[in-house]
Ligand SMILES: NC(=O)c1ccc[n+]([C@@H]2O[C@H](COP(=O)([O-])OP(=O)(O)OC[C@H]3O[C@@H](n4cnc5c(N)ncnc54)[C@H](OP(=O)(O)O)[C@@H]3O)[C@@H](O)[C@H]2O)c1
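Heads up, the chain below is alone and in the form predicted on its own; it's given as structure tokens.
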Amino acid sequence: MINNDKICLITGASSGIGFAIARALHADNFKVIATARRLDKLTELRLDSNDLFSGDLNLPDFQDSIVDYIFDKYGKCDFLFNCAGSLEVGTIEDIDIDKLTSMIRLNVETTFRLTYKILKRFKNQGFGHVINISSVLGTKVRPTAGGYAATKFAMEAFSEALRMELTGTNIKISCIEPGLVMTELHNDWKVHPKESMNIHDPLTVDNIVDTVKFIINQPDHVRIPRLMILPKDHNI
């Protein structure tokens, strides 16, 4: 068992925010266990191949295999970063309902299931920190994005209830609420949100990494339940 390393489980680690957090924490000598669907992208993190889990996070058995591996090999886990998620928006006429419901499953059901699995272990070990990648749309809604916003509202409610339940313990719950971040999420959009929202300088994944480092480096008695980070042109 490794006692001196900080052990991190990061979902959605093959691209975007999850990839950036995994890469940054690995560079800071954290032990990173990364999971996503795309193994070819995970290997770009240059982690120990045994610490890479490529598969469908929606499957309970796959989640169990990751959690069991971490605690069997390392004896503990310090951080869970819930970065896995998808984004599906559209008008009533155009929305792909199957993709919408798949998004809801991943963003809500799958995330909640994994979080509870990890929190049971955190309670047994007496410490741990869950960091949820939420969104500014966890605090407001926009036309055509109600389904996505609903998943982030759910994450916010879930996180706050857990924070309250865990008051007085050494287990922390935090939500990061970014505005527009340049990732793959919008690659297939006909008009990128930076154009439709007139945001000239969107956030970068490194901005989110800096936010993560600020949160996780707080003293043990400090809690940051939520932290919103927006680009300067964000006004809606």
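Note that this is a predicted model, so its numbers are computed, not measured. One-based numbering along the sequence shown.
Here the subject shifts to the form predicted in complex with the named molecule, a form of this protein not shown in this document.
Please tell me which of L162, I95, L106, A145 lies within 4.5 Å of the named molecule in the predicted bound form, judged by heavy atoms.
None of the other options qualify; the answer is L106.
4.5 Å heavy atom contact with the named molecule in the predicted bound form for all of K76, I118 and G128
Verified in the predicted bound form; spot residues all out of contact, no.
Even though the named molecule is not shown here, does L80 get within 4.5 Å of it in the predicted bound form, heavy atoms only?
No.
With the cut-off set at 4.5 Å between non-hydrogen atoms, does I70 touch the named molecule in the predicted bound form?
I70 lies outside the contact set for the named molecule.
Do L45 and the named molecule share at least one heavy atom pair within 4.5 Å in the predicted bound form?
Flag for L45 set to no.
Heavy atom to heavy atom, is H200 within 4.5 Å of the named molecule in the predicted bound form?
Result no; H200 lies far from the named molecule in the predicted bound form.
Using a 4.5 Å heavy atom cutoff, which residues in 135 to 171 contact the named molecule in the predicted bound form? It's fine if the answer is none.
If the 4.5 Å heavy-atom criterion is applied to the named molecule in the predicted bound form, 135 to 171 yields S135, Y148, K152.
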